[in-house]
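Encoded as structure tokens, the following chain is the form predicted alone, with no partner shown.
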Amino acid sequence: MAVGIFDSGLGGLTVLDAVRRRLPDLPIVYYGDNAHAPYGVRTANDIYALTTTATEKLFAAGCDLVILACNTASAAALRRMQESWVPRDKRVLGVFVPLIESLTEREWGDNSPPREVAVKHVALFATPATVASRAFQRELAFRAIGVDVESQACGGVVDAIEDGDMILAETLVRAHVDALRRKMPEPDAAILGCTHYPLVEQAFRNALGPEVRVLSQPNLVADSLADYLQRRPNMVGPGTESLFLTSGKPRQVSDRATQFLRRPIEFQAA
């Protein structure tokens, strides 16, 4: 029985690793659309088309539940997919909601009206497409009032991570944090709104300083998935084999993934 995890590239491996630690016996099919990464500079229609194509591949691999471990896809495509595309016997979930539930100190599935929360000033670091979608602000408004959100589009960071140039990625992170602080000098919390960003999380923490609470997604998504499957065990699909699939060059993607996770990863052509 398998669950699918999708990302435009390698960032979703941070979520996969957290899910593996939380649910070690759960088969996972991971699909990275490396041939078309990054998504963060694409149009909403393009992101939707690529995301539905990838999700179809995960359904075909035996996954009834797919996690969009890509904030850009979650922001630009998820709502449209859920409203008009996802089959009735399948589920596609994003990565924003677990993050916002943690930020607003809500339990899983708490659908009570929005209310005042402790955090008042939030910095959102994300891809240009995620920032443009305003999906984070929309989801936050369902749960909290009185929260000021300042967004920073972190151009170039995903590209540098995918290329394995972590020195450039960390340099860009510092520049983007400086730009954000010019707009919001004293954030209470910072959201790392891309699943690639945990790979440079320490750079964000160093640039933001110890007084800023930094929320990163992998462990939050893993805990939320465990809760979801406990409530809906029927959503674990019929697949029994863990796989790593890519639209890119399997050898190249495997080498980069092995470097990121520091353990052997073998991708297959999707």
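These numbers were taken from a predicted model, which means no experiment stands behind them. Position 1 is the first residue in the sequence shown; the rest follow in order.
The same protein also has a form predicted in complex with a small molecule, omitted here; what follows describes it.
With a 4.5 Å cutoff on heavy atoms, Tyr39 counts as touching the small molecule in the model of the complex. In the model of the complex, at least one heavy atom of Cys194 sits within 4.5 Å of the small molecule. Interface membership of Val158, defined by any non-hydrogen atom within 4.5 Å of the small molecule in the model of the complex, is confirmed.
Checking 71-79, 177-185, 138-146, 112-120 against the small molecule in the model of the complex, the stretch whose residues place heavy atoms within 4.5 Å of it is 71-79.
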